[in-house]
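Quick setup: one chain, the form predicted on its own, written in structure tokens, and binding and motion questions come after.
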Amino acid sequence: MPTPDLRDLLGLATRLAHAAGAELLARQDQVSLESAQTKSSGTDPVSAADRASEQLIVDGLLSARPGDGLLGEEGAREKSTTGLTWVIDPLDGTVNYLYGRPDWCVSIAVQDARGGLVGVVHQPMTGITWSAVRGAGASRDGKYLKVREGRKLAEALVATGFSYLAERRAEQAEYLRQVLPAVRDLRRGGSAALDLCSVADGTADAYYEHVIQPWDVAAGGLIAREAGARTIGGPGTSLPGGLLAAPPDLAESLAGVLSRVRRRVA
């Protein structure tokens, strides 16, 4: 297969993220918690807006890149014949969206056999767009990003997220019990993609979540790495089903705390 032009992939992801964001803004007054359906639990909503956003993105990708694979939170699945797969979260932070809070976004990444190639996270309520290209760095609205280095664990502002499953939240409470005394403070924004971007742009020092889905972190994880963060997650790590992102020294310290917790809850 010919090598794709990464600038073209970035442009496509950016255009579709902005278009999906506009669609979500236009629909926000038409949806509510009462009209939303649920997925993994009774507190995990999915709205018509989530599905409309994903359909818009999928239609755009199928038109521009036939043959590429698709993996979307709301069910998009296509096998790749090109070696590239698009990983889509059409609305990360659905609860925030339905409550009228600003912390929700559109997340689009494209991956090859080595992982993320391009990632875009767009926050429609603020108009901010974070993006990254593998090997070329990360940016926020065109401004080059670099993680905030030099923080010790006790000085770190750490972002995290919670599951919608009660039994998993009980495990997460144990993680919180150990992490909270060890750091400056914790933040729970409700969007993993935005949390990862906050590590990239220095508005948080670290992020961890002990169980996460690939569409939640595909774009944000690449953005954080390209800004200089180390990401830890997957089998054989302190977060086999999750992800940690932080500057390298801080990542090591936080991973040590999480490893001790994992041994307790395993």
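The numbering used is simple: start at 1 and walk along the sequence shown. For clarity, every value in this text was computed on a predicted model and none was experimentally measured.
Below, we refer to the form predicted in complex with a small molecule, which is not included among the displayed structures.
When the small molecule is considered in the model of the complex, only one residue from Leu196, Leu91, Val110, Val121 comes within 4.5 Å through any heavy atom, namely Leu91. Among Leu153, Leu71, Met125, Val95, the residue placing a heavy atom within 4.5 Å of the small molecule in the model of the complex is Val95. Contact with the small molecule, judged by heavy atoms within 4.5 Å in the model of the complex, is confined among 233 to 241, 58 to 66, 23 to 31, 209 to 217 to 209 to 217.
Using a 4.5 Å cutoff between non-hydrogen atoms, Arg187 does not count as a contact of the small molecule in the model of the complex. Under a 4.5 angstroms non-hydrogen atom cutoff, the small molecule in the model of the complex lacks Tyr144 among its neighbouring residues. The small molecule is not drawn, but in the model of the complex it has no heavy atom within 4.5 Å of Val106.
Among residues of the shown chain, Tyr99 is not one whose heavy atoms approach the small molecule to within 4.5 Å in the model of the complex.
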